[in-house]
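Presented as structure tokens, the chain that follows is alone, the form predicted alone.
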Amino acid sequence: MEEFQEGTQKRWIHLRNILERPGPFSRPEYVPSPEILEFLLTSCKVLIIGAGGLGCELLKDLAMMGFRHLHIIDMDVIDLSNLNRQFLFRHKDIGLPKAEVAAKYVNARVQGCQVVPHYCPIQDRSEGFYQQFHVIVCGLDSVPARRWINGMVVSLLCYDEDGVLDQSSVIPLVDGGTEGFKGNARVIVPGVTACIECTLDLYPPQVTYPLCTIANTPRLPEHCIEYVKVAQWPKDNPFGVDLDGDDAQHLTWVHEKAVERATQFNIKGVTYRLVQGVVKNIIPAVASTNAVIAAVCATEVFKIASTSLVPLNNFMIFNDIDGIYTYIYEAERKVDCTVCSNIPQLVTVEDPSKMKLKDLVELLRESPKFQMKSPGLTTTVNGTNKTLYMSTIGAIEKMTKGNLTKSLLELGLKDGQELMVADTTTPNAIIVKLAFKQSDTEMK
């Protein structure tokens, strides 16, 4: 308690100015109190997901804002290409887990901070692990990972007998993302505001290039790079291994060959930075953008944890390509959201005698509504649980692969049948309900 009193008087004077007196941006119902600062310093637990460009900034910002009980989870190790923007790492750290190095660095530099690292995929942690946190903040570069953690926080919600949400089960999710000089930050209150899945169509589709174009009539610098990536690298096999987008030697080789091909077709604009983006299928990160978005996310975490200020409602866009531009709008919940609505998802089937199971699997992958990676389907037929198809477990895939070429009628599925669909994009299965446009009688 003595340490706390000393900290509140000197080190945290800037926080006391916000938390111990009302201000123009305070919530109308906010009651200033020194106990709020004590909660932030001694009790509040925050989980940071990702220890990359955004994650390093988030960890630094939150630690210096007074959050002492921080956890950070990341499954990657440090690579040379990370050092230009992930400032918690040094050359000697290459090959070590990002989460562990970042935690060690901040613990040593920020007095009183206790960062706990977790070197593993987010899917390896249970519901009990995520339930311990007051706020979760994401610095991810993966849409599937965002969808998974979004599904997790929604699955933790509890409702009473009347369907009223238990507020104590709500864990706010703050999400940040950057692409070059553009970025966004959003605040998700599970069960209250729009979730990741509600706005899934906001994420741009993965860019692909037709092989015939890149091989015969390249017109863009990206075409030249993609050709070297998919055709020339496997043919020449320069290093005897698969192409590694984080290996500087590999990228240099691709850059040189792409420049040669671009010169052949009189194409300009092949740069090393562009090579990085095309090979890794990402837009290379910019340190300044990461810093801005992380600062916004850290501020939102502070608003939520302290309840002193009105949080972002609920989506902010940042762009500094030509000047600086920001825009805030409220993303609306979808009444039939696949994750937060708890409503079975309707899939209309034109002709169940012709639609194969593989067509249904493809629909779940390609549909903008679902965008699944490797859906596994189970259902109940004549009172018996039946696995229709599952690719993630080798033995089950071998047993169910033959079902892919069978029609939905051959599999015994009927109009209104409910299927449980599991996928890597969500921790819990969703329910899909089949709606046949042609009934069995009509088809006979």
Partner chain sequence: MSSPVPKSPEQSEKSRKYDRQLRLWGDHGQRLLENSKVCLINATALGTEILKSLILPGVGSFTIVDGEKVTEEDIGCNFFLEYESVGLPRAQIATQCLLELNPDVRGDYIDETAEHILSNTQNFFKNFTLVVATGVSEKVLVTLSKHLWECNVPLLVCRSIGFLGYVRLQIKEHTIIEAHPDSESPDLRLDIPWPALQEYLDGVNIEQLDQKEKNHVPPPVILRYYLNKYKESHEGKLPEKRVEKEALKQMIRDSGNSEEGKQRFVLDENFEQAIHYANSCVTTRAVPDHVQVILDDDCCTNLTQSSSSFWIMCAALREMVEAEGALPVRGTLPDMAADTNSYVTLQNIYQKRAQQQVEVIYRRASQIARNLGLSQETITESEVKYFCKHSSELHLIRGTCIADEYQKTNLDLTAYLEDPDSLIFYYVVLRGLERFIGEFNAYPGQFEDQVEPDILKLKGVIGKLLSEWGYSHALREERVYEVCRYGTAELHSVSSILGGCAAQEVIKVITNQYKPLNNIFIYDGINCTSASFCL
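Take the two forms, superpose them, and find the largest set of C-alpha atoms that agree within 1.5 Å; that set is the rigid core. Positions refer to the first chain, counted from 1. Note that the structure is a prediction, hence the values are computed from the model and not measured.
Only in words, not in the display: the form predicted together with the partner chain, which the text now covers.
- Contact check for G180: a heavy atom falls within 4.5 Å of the partner chain in the predicted complex.
- In the predicted complex, the partner chain lies farther than 4.5 Å from every heavy atom of V335.
- At a distance threshold of 4.5 angstroms between non-hydrogen atoms, Q371 is out of contact with the partner chain in the predicted complex.
- In the predicted complex, L37 stays away from the partner chain, with no heavy atom inside 4.5 Å.
- Residue in contact with the partner chain in the predicted complex (any heavy atom within 4.5 Å), chosen from V349, A305, A285, L357: A285.
- Note on contacts: among N237, N342, Q114, T326, the single residue with a heavy atom within 4.5 Å of the partner chain in the predicted complex is T326.
- Exactly one of the stretches 388 to 396, 412 to 420, 374 to 382, 62 to 70 approaches the partner chain in the predicted complex with heavy atoms within 4.5 Å, and it is 62 to 70.
- The partner is not shown here, but in the predicted complex the stretch 268 to 291 reaches within 4.5 angstroms of the partner chain through a heavy atom at K268, T271, Y272, R273, Q276, G277, K280, I282, I283, P284, A285, V286, A287, S288, A291.
- After superposition on the rigid core, the Cα of K268 moves by 2 Å or more between this form and the one not shown.
- After superposing the rigid core, the C-alpha of K356 moves by less than 2 Å between this form and the one not shown.
- After superposition on the rigid core, the Cα atom of K303 is displaced by less than 2 Å between this form and the one not shown.
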